[in-house]
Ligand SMILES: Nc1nc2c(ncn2[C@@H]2O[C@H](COP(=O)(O)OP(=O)(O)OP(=O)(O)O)[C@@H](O)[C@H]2O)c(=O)[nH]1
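Only one chain is given next, in structure tokens, and it is the form predicted on its own.
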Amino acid sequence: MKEALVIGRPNVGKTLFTLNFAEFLGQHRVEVMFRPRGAASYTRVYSVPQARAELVDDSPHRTLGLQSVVIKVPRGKSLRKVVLTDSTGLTDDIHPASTIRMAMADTLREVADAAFILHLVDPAEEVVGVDLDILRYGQTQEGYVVLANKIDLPERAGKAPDLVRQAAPAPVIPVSALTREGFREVRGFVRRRL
């Protein structure tokens, strides 16, 4: 199975995107595999609303390790399985908490193994630091896409064209992890690369 890594800064909407995208693809229950550093992996089954209630939070660094769900993407007359991995938010500075530093290191290691990189950014924020590093790496990769998240908010919708210019030749898809705007385009991006 190919892996799609959802990556970006803290609180950009990675976990909400992951769960709502799985639901958009028809999954009402998700089996989340948690891969904490230094501990055995374990799995929990949630309804998507339960997963959102437990895993989505406004506080930074709520996701403290890699957590994956298997999604089924339609390809022709069949469904192809893809491991969609949510990751710890990356920052420019060295975080004072060792658990967060290690979770960020795990996220960066996962970049090399991912077939797809779904890079969530807030279009209202300048693409600098770690986001710029990910963008530059992604511009050299076929399976990379920038997801300009929170496009449902008026102040962000007008910023997408600037992001498209900066990201070229990498594709940019305006999305809303909350309202699911742009999810058809994300599904198409993934489907074309299966």
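Everything numeric here is computed off the predicted structure, so don't read it as measured data. Just count from 1 along the sequence shown to find any residue number.
Heads up, the form predicted in complex with the ligand isn't pictured, but that's what we're talking about next.
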item	value
Proximity of residue 56 to the ligand in the predicted complex, heavy atoms at 4.5 Å	yes
Partner proximity in the predicted complex: residue 68 to the ligand, non-hydrogen atom cutoff 4.5 Å	no
Proximity of residue 123 to the ligand in the predicted complex, heavy atoms at 4.5 Å	no
In the predicted complex, residue 25 touching the ligand (heavy atom, 4.5 Å)	no
Region of this chain that lies against the ligand in the predicted complex, out of 57-65, 125-133, 40-48, 159-167 [heavy atom, 4.5 Å]	57-65
Residues of 1-34 having any heavy atom within 4.5 Å of the ligand in the predicted complex, listed in sequence order	9, 10, 11, 12, 13, 14, 15, 16
